[in-house]
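First comes one chain, alone, set out as structure tokens in the form predicted on its own.
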Amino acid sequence: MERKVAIIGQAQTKHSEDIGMPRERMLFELVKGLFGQFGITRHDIDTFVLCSNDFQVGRTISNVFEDTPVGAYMKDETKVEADGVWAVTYATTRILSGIYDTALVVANSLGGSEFRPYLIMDYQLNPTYDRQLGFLNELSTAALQARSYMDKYGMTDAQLDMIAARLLRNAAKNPNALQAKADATPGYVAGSDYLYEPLRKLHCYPFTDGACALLLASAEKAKDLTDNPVWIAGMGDSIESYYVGERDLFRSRSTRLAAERAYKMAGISDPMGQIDVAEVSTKFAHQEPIICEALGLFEEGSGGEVADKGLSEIDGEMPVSPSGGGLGAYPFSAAGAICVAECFRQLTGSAGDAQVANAGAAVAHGQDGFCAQHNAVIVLSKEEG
């Protein structure tokens, strides 16, 4: 990238099942807090990129009542419907255009109190067959994906429980997480109810209210506003075909292609050796090995071994989702933006108890669609490059 773009600040809500306030108030308080960190106002933002979804909000043009509380009224503003990683990508390209020097990304969802995500996801199903028959839904397709990986590579239920337990322990170190348990064990996870075998409740994301805001700036502006910017080194995006019978569910080709594009832009040739921490958007525990392997962080099919050896622990060889990831909280639309925000916290040394030692480069991931059909990857670095 000829022009350099940095993330200079982030803010998140304390995610919950019910945020206890209107969406507009939630967004106002969030952005007000972020502006307060820098002593700026809405007039210092050149372009706003909002991220929400009409189906989830329950009205056409979902951002129509979001512009005012975030300060985007009478300003350059646009919206992204998919996950927050795409909003960050869009904001980055707007700054790369040379027209803007600052951008504010605000992503949000009230998937705990206003709507039920599983029902909303049904509208992504084939309307002629799948939606009418009622056999397939987000949970049943996720279970098919889990079983596909487990049968292909021999990962056991106990190893799947280990992944979920680790994420719940990590989430306990995250002050914004909704679902967490500091002493979670595989047995604790195995004690939760089956939803669709092999998936139990604690293998799955919690319905979440929450929001995330990210402040981006060009290199020149970033250096004026902070001494600790995090640089966007590479970006990639890919989508693949519909899920059942059309693609292998035990691997993620679109994540691999998105990662290849992001790594090429960032000059990453050895992800295992050059990436220090990853925040991956996993709605279900089994998706972590599928996505991490597609990102090149572990060998394909090694999910069970990684769990057994603790390689993805905060102090492991390749820390994955120190924040707890999607099992800790999953506000639709905002989930990927939160992955970016958590990478920012890691690279600025502000991740608290979840801090990975000497983190200098990170990869953030976002997904959309059934069985992670659409994926985006962003590489972040402490070095300007």
Partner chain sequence: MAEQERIVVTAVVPLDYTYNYRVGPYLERYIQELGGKKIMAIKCGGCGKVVVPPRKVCGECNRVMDEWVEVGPEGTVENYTVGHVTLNKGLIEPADPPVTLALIKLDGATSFLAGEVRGIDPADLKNGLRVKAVFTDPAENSLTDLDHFEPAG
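Residue numbers count along the first chain shown, from 1. All values derive from a computational prediction rather than experimental measurement.
Keep in mind that the form predicted together with the partner chain is missing from the display, and what follows is about it.
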Within 4.5 Å of the partner chain in the model of the complex, heavy atom basis, the matching stretch of 153-161, 300-308, 193-201, 179-187 is 193-201
Q) Does the partner chain come within 4.5 Å of any heavy atom of A219 in the model of the complex? A) no
* Asked: Can you check whether R253 is within 4.5 Å of the partner chain in the model of the complex, heavy atom basis?
  -> yes
Problem - Contact test in the model of the complex: E246 vs the partner chain, heavy atoms, 4.5 Å - result: yes
Does T128 reach the partner chain in the model of the complex, with heavy atoms at most 4.5 Å apart?
-> yes
Checked 320-347 against the partner chain in the model of the complex; residues with a heavy atom within 4.5 Å, sequence order, are none
